[in-house]
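Only one chain is shown below, in structure tokens, and it's the form predicted alone.
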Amino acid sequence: MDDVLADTSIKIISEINKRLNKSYSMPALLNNDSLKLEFYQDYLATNSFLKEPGFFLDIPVKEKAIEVVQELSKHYEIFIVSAATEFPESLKEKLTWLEAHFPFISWTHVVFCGHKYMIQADYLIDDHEKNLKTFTNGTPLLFSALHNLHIHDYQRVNSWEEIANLLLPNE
């Protein structure tokens, strides 16, 4: 969910900028390794905001995610899987966020867990290698995010448009 459907990195950058009076931006972080390292150190020092009420409520939706997931749902059974239990405050907030942005996905198709190794599906689209590493029954797809650009062991998707091109039938 985070950094796949929800643009969580953008919210994290904004929160760090606000709390530390910084001016990080995604383009600058993508193009400057030393700035990215500085940002990561700031993130480690201040990331307790992830456990604060309200953090997960207003995260922006990834571009084209709603349209593509809605179209995919006509061809696949879609489950939203999130390791949300790491941040207990996020459980209700993520459900609220999903209801607001993806109302066509029923609560019966939302899975909150600590580890995703038990997920069995045709595809797992995730931004974390640890989740893809244990996904052995289908095709793992690495959704590009600031924290995974160094990983080259999985088929990478950079956008929801790429996912549409890959998974939707040509009509």
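Since the model is a prediction, treat every value here as computed from it, not as a measurement. Residues carry their position along the shown sequence, with the first being 1.
There is another form of the same protein, the form predicted in complex with a further copy of the same chain; it is not shown, and what comes next is about it.
Engineer: Counting only non-hydrogen atoms and a 4.5 Å threshold, tell me whether 18, 23 and 48 all contact a further copy of the same chain in the model of the complex.
Structural biologist: Checked in the model of the complex: no contact with a further copy of the same chain for any of the three.
Engineer: Given that the partner is absent here, does residue 114 sit within 4.5 Å of a further copy of the same chain in the model of the complex, heavy atoms only?
Structural biologist: Residue 114 belongs to the contact set for a further copy of the same chain.
Engineer: Answer yes if any heavy atom of residue 128 is within 4.5 Å of a heavy atom of a further copy of the same chain in the model of the complex; otherwise answer no.
Structural biologist: Flag for residue 128 set to no.
Engineer: Under a 4.5 Å heavy atom criterion, is residue 41 part of the interface with a further copy of the same chain in the model of the complex?
Structural biologist: Outside the cut-off, so no.
Engineer: Using a 4.5 Å heavy atom cut-off, state whether residue 146 contacts a further copy of the same chain in the model of the complex.
Structural biologist: Flag for residue 146 set to no.
Engineer: Considering only 83-118, what residues come within 4.5 Å of a further copy of the same chain in the model of the complex, judged by heavy atoms?
Structural biologist: Read in sequence order, the residues that approach a further copy of the same chain (within 4.5 Å, in the model of the complex) are 85, 86, 88, 89, 91, 92, 95, 107, 108, 109, 110, 111, 112, 113, 114, 115, 117, 118.
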